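Only one chain is shown below, in structure tokens, and it's the form predicted on its own.
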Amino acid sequence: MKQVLASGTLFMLSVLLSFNCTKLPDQPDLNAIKLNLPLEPFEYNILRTSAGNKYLRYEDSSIIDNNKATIGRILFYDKALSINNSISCSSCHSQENAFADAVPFSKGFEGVSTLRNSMHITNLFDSRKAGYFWDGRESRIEEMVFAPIANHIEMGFGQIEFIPEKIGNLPYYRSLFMTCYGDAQVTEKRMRECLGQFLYSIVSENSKFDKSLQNPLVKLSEEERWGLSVFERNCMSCHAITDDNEFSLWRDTITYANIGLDVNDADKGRNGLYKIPSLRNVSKTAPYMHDGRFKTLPEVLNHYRSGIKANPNLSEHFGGKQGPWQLYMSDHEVDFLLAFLKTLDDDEVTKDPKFSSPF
């Protein structure tokens, strides 16, 4: 009998400890929240370029829904998506920095640093086959969007069911969900979809380089053209320009690489490899690499010239097990290459009001 009572006591104690360890969400101060939205939703489903207008598609290839993307924009900037209302998705992915972060490691809801540098999140439609995050661990956008929210360092929701419950209690979402879905119910599935639709609408295809491909009147300078030739010789093995004249994220055959950063790197990424990021807006997305170790693009290029280290997972482009092989670039060629990389900047996506905070 004593043994039964002791077992019951231990069970109740474990339940209480489990409950006490689950942090409940803090409700935001509604008086401090002011939402500024246009009378008609922005056109998230259309990208306007010098080559004409282009309809933007969601992961399932349907045309992006403007009302869903509008809700996604609000969720993206809403600090209520952190358990203590301290940070939002935009805290680590700022529009000014082409939706990357300006520090090596972002701060989570309790001020603790994240474990990797925040990747920029433009043109996610193009990266859907390779997966999301530095290790590509999520293959679907609707799985990816909740991963930071539920992360114990980033936004702190230990139990996913608390997320739609908290957001559903905020009155400014009710009319938006009613317009979009026909009722005011906030569900996890709907939140995932809206965030995904907004993120898929953040497309960058209006850089000087894009325009030079689309319009013969837009020409690269002589220095930029020399930089393009340096890029083609040294960089296109991983960062390619596709046959359809659209600046791509990578060649189809190469989505992950090891570039010889450290021999004993504790973060092994994807079996020793890391995702090859897009170079769009690259001058705006510093610092660089999965750990943000390089503050500037010249530092990155110096790594390829003289800093590549031997590594059991070193990619073949840098010598593989017979490496490391350094890339030869003169100082002048580095200057040319930096000039070309600037042509990949798209000031429209970093200033477009439809991607800005609605608060």
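Just count from 1 along the sequence shown to find any residue number. Nothing here was measured: the structure is a model prediction, and the numbers come from that model.
Separately, the form predicted together with ligand HEC exists; it is not shown, and the next lines address it.
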Does any part of M289 reach within 4.5 Å of ligand HEC in the model of the complex? Heavy atoms only, please.
yes
Even though the partner isn't displayed, in the model of the complex is I46 close enough to ligand HEC, meaning a heavy atom within 4.5 Å?
no
Given that ligand HEC is not shown alongside this chain, does K107 nevertheless sit within 4.5 Å of it in the model of the complex, heavy atom to heavy atom?
yes
Residue-level contact is defined here as any heavy atom of the residue lying within 4.5 Å of ligand HEC in the model of the complex; does F133 satisfy this criterion?
yes
Can you confirm whether C92, R116 and L301, the three residues that make up this candidate site, all sit within 4.5 Å of ligand HEC in the model of the complex, judged by heavy atoms?
yes
Looking at 217-225, 255-263, 160-168, 202-210, which lies within 4.5 angstroms of ligand HEC in the model of the complex, counting heavy atoms?
255-263
Ok, A98, I74, I83, C238: which has a heavy atom sitting within 4.5 Å of ligand HEC in the model of the complex?
C238
Just give me the single entry in K309, H317, R57, K54 that has a non-hydrogen atom within 4.5 angstroms of ligand HEC in the model of the complex.
H317
Select from 323-349 the residues with a non-hydrogen atom within 4.5 Å of ligand HEC in the model of the complex and write them out in sequence order.
L327, M329, L337, L341
